[in-house]
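Next comes just one chain, in structure tokens: the form predicted alone.
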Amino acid sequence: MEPVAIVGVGMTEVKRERAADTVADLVFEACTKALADSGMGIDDIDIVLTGSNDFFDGRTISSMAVMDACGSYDKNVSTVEGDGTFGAAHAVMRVLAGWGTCLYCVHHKGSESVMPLITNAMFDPLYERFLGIEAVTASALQARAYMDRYGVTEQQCAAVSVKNHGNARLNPVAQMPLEITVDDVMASPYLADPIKLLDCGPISDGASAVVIASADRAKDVSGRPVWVKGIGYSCDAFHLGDRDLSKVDALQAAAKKAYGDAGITDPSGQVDLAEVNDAFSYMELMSLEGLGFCERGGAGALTESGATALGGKLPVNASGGCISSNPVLVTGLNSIIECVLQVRGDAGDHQVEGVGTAVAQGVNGPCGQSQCVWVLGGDA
């Protein structure tokens, strides 16, 4: 595809509750930071995209609540629902369609949501919803299927939590920087076997924004553009019983497309850093396998070896991941932003040396039903 770059990024600090801030306040903060980072003003933006969810926000057409805050007055506007990686992909399409610059923002206030009730509503109303299944219990079904199929242990999943909470201690916007051990994770209470409290991401409030530009407009920015090398997305079956939960076929399909665009044939050798979905610790292991960084069932041993640590061969979730900060919908865009910062060398204390190519992953739907993969790099 034609060259498209991310030229500005902005993230709010993620907290358990930002009671004093409305969603408009969060969006204004994120957009102001993204514009400042790009060196542009709102008059330089041709089109605006927003990401939100009526269920989480508790209002119909929830995007209306942030229209002023993102500077969309007198501009072409699109509103999208779902994880930030998918919304940002839509923003790239708009730029490729001829709009020179696009500001995309997404928000979430988990503190104002009742997550079990809301995530229960994503299941089929006739056959599944009445069972009370929701995000945690559905993920527990998938975790057990995956662990039983490949012999992955709870301790290997716990190692993901230990690593990522430790990385969060170096990230000033992360919500839960923790110094914990595998024993601490194993001793935390079960929410739904085999998932324990410290295997889960927290309830979070936050927002993020990016400025995406065509190659011609990217020349005008003050900082260093980071180029979109490839994007892929794929959707699996909706009903949990219609797919093998121990596998991540949709992620493999999305990665294949993104890697094909980017010319990546050896992910473990050509990718320098990855920010993947770890809302539950087992998900990082499945994601590493679906992204082609190791064979199926091999991510637990890869993590225990230290290869995915900050100083390892392939650092994963150097930011702390969404197990440390989990504003739903925002998490995927945060992953993209972290990759941008790492490629630019602007990640601060959690900067990984020599990041030239980075991969970001986002997820929609129960048990990773829909997957989106981005490949980002420093050269057009």
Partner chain sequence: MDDWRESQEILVMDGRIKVPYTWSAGEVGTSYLEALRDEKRFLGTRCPNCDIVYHVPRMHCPDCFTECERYVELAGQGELVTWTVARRHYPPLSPLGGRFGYGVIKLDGADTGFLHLLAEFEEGELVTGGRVEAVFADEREGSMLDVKYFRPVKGVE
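Keep in mind it's a predicted model, so treat the numbers as computed, not measured. Positions refer to the first chain, counted from 1.
What comes next is about the form predicted together with its partner chain, which is not displayed.
**Student:** Only one of Val221, Leu191, Ala307, Cys294 comes within 4.5 Å of its partner chain in the model of the complex by heavy atoms, so just point that one out.
**Tutor:** The residue from Val221, Leu191, Ala307, Cys294 that makes the contact is Leu191.
**Student:** If the cut-off is 4.5 angstroms on heavy atoms, which of these, Leu117, Met186, Ala301, Ala215, is the one near its partner chain in the model of the complex?
**Tutor:** Contact with its partner chain in the model of the complex is made by Leu117 alone.
**Student:** Counting only non-hydrogen atoms and a 4.5 angstroms cut-off, does Glu134 reach its partner chain in the model of the complex?
**Tutor:** Judged by the heavy-atom cut-off of 4.5 Å, Glu134 is in contact with its partner chain in the model of the complex.
**Student:** Counting only non-hydrogen atoms and a 4.5 angstroms cut-off, does Pro125 reach its partner chain in the model of the complex?
**Tutor:** Flag for Pro125 set to yes.
**Student:** Is Ile264 part of the interface with its partner chain in the model of the complex - any heavy atom within 4.5 Å?
**Tutor:** No, no contact at 4.5 Å.
**Student:** Quick one: does Gly151 come within 4.5 Å of its partner chain in the model of the complex, counting heavy atoms only?
**Tutor:** Flag for Gly151 set to no.
**Student:** Select, from the options 242-250, 274-282, 162-170, 177-185, the stretch whose residues sit within 4.5 angstroms of its partner chain in the model of the complex by heavy atom distance.
**Tutor:** That would be 242-250.
**Student:** Where, within 7-41, is there a heavy atom within 4.5 Å of its partner chain in the model of the complex? Residue list please.
**Tutor:** In sequence order, Ala19, Ala20 come within 4.5 Å of the partner.
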